[in-house]
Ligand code: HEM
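Starting off, we have a lone chain in the form predicted alone, written out as structure tokens.
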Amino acid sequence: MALKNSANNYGSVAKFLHWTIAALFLASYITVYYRHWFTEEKTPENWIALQLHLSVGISIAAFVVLRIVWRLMNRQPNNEPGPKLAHVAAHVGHYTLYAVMILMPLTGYIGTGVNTEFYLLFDIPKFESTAAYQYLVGELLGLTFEEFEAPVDFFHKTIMGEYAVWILILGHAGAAIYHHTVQKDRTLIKMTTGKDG
């Protein structure tokens, strides 16, 4: 299997990044729901689940940056035959997914009031402890962390986490299944086996 994309398929690097990010998003949801549904506040289990969620979020950010760089360095496989409107909708959906993959880890990090114990290996300072926070939020906006955190948390947890991400993921997966089962084209195959017919 080729490392780089070709006219017909995504390469192994693009596939690895795609499926790794998908798995990390799933892990992110599992850790946050586990924390809220199965642990009590201020217990070691609750803290570990939070730290896993934060670590996974940082991992998502790193893999998304790699994916964007790799995408810019590679050609994209040819589009499958279809109406121009469907292609425009697919491009809009992909760019929206990229925006979400950037905004979710970013808002998660800047809205968190604790350091991230990155997989228990080392600490990543919380945003509130950084010079960027002091300048952007403290000096330019003149806000306390609590005033800053409230809208960021609402955006991250409610608007994005409870609604937008699920809608986009279900739409993305649904479109891939539709292409595979109804259109019977290579859209899903290009990101999985890469085999013809």
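Because the structure is predicted, anything quoted here is derived from the model rather than measured. Counting begins at 1, following the sequence as shown.
There is another form of this protein, the form predicted in complex with protoporphyrin IX containing FE (HEM), and it is not shown here; the text below is about that form.
In the predicted complex, protoporphyrin IX containing FE (HEM) sits within 4.5 Å of a heavy atom of Trp19. For the chain shown alone, Glu162 is a contact residue for protoporphyrin IX containing FE (HEM) in the predicted complex, at least one non-hydrogen atom being within 4.5 angstroms. When contacts are judged by a 4.5 Å heavy atom cut-off, Thr187 counts as touching protoporphyrin IX containing FE (HEM) in the predicted complex. Although the partner is absent here, Val182 is not a contact residue: none of its heavy atoms lies within 4.5 angstroms of protoporphyrin IX containing FE (HEM) in the predicted complex. Listed residues Tyr29, Tyr133, Phe145, Phe63 were compared with protoporphyrin IX containing FE (HEM) in the predicted complex; Tyr29 is the one with a heavy atom within 4.5 Å. Contacts between stretch 153 to 173 and protoporphyrin IX containing FE (HEM), counted in the predicted complex as any heavy atom lying within 4.5 Å, involve His156, Lys157, Gly161, Glu162, Ile169, His172, Ala173, listed in sequence order.
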